[in-house]
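First, one chain by itself in structure tokens, the form predicted alone.
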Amino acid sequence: MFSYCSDPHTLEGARWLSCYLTTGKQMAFYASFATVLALLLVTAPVALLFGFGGAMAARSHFLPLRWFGRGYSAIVRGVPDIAFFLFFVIALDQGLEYIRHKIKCPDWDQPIRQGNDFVVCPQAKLPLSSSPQWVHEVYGFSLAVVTFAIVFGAFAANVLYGAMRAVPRAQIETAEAYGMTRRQTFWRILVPQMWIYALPGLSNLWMILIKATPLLFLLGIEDIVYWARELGGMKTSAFAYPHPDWRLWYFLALMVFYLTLTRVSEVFLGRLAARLTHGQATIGGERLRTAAR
């Protein structure tokens, strides 16, 4: 980064530290914070979409669809997150490669399962070995998003299902009395009013999702936990920038990052709750109405 960084062994003090903090690996560490934020921003709406679909399925009058919606929520919520992450990513990756293998290599005469190895033809690999590095990173990130979305979508489905049931039945009956169809009642009456009941549960899910982002490390993605452990470990004189065990300071930086992120989230969600409860016949709405007097 700086011209005087050409020979790190001749540096001391602040100049050494400035060179150390601007190395390529340090820049990758800084970029990994953006990876975590990107995961949150992409996963949250996708998980909410999964949850909304699961809640709608659980309320369906079609029995198999109702079983599917309730089974999805019950099964995924009943499996420990870490076990699901370790299993599902491998299963999804191998499932996609198996389908590609059957399509692209129909003449393959060797078994796919060879002991502990899963072997498919080179054309079926995801991504291809000849693909650039960014393709491998995007593919891994996409698997992580899908996995996080399925897990937290199951919890969101349970929250949204309860929120739909919390909307006063009188609202639904009034809409029906005015001649609204079931579809109109759902989208115009039930859905707009359910969010205020769902927000506390969804807020908790958002906080849990933030705390779950270190699981990216288990999925093989070079996230902030990976780089904190990699860069913070003791570096001997064989390295360009030798230093003792600094993992305490790296993980302290992660703690500050997560505490800051959760605090910003709390402020935002609090303001969102105040906006949604305004004029609503809820405890929060009554509190706002009383305070305005």
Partner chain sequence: MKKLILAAAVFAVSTGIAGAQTIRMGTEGAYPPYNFVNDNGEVDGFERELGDELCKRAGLTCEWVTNEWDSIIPNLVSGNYDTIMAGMSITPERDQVIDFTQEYIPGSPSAYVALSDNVDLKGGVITAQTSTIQASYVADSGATLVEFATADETIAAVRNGEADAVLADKDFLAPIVAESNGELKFVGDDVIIGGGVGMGLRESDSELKAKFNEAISSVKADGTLNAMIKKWFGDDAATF
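Numbering follows the first chain given and starts at 1. None of these values were measured; they are calculated from a predicted model.
Keep in mind that the form predicted in complex with the partner chain is missing from the display, and what follows is about it.
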- Query: Applying a 4.5 Å heavy atom distance criterion, does Pro122 contact the partner chain in the predicted complex?
  - Reply: yes
- Message: If we define contact as a non-hydrogen atom of the residue within 4.5 angstroms of the partner, is Glu230 a contact of the partner chain in the predicted complex?
- Response: yes
- Message: Residue-level contact is defined here as any heavy atom of the residue lying within 4.5 Å of the partner chain in the predicted complex; does Asp81 satisfy this criterion?
- Response: no
- Message: Although the partner isn't part of this model, could you tell me whether Gly13 comes within 4.5 Å of the partner chain in the predicted complex, counting any heavy atom of the residue?
- Response: no
- Between the options Tyr241, Phe33, Phe68, Tyr258, which residue brings a heavy atom to within 4.5 Å of the partner chain in the predicted complex? Tyr241
- Item | Interface residue in the predicted complex among Trp206, Phe186, Phe217, Phe85, criterion: non-hydrogen atom within 4.5 angstroms of the partner chain | Phe217
- Within 4.5 Å of the partner chain in the predicted complex, heavy atom basis, the matching stretch of 161 to 169, 189 to 197, 89 to 97, 147 to 155 is 89 to 97
- Scan 21 to 48 and write down, in order along the chain, each residue with a heavy atom lying within 4.5 Å of the partner chain in the predicted complex. Thr23, Gly24, Lys25
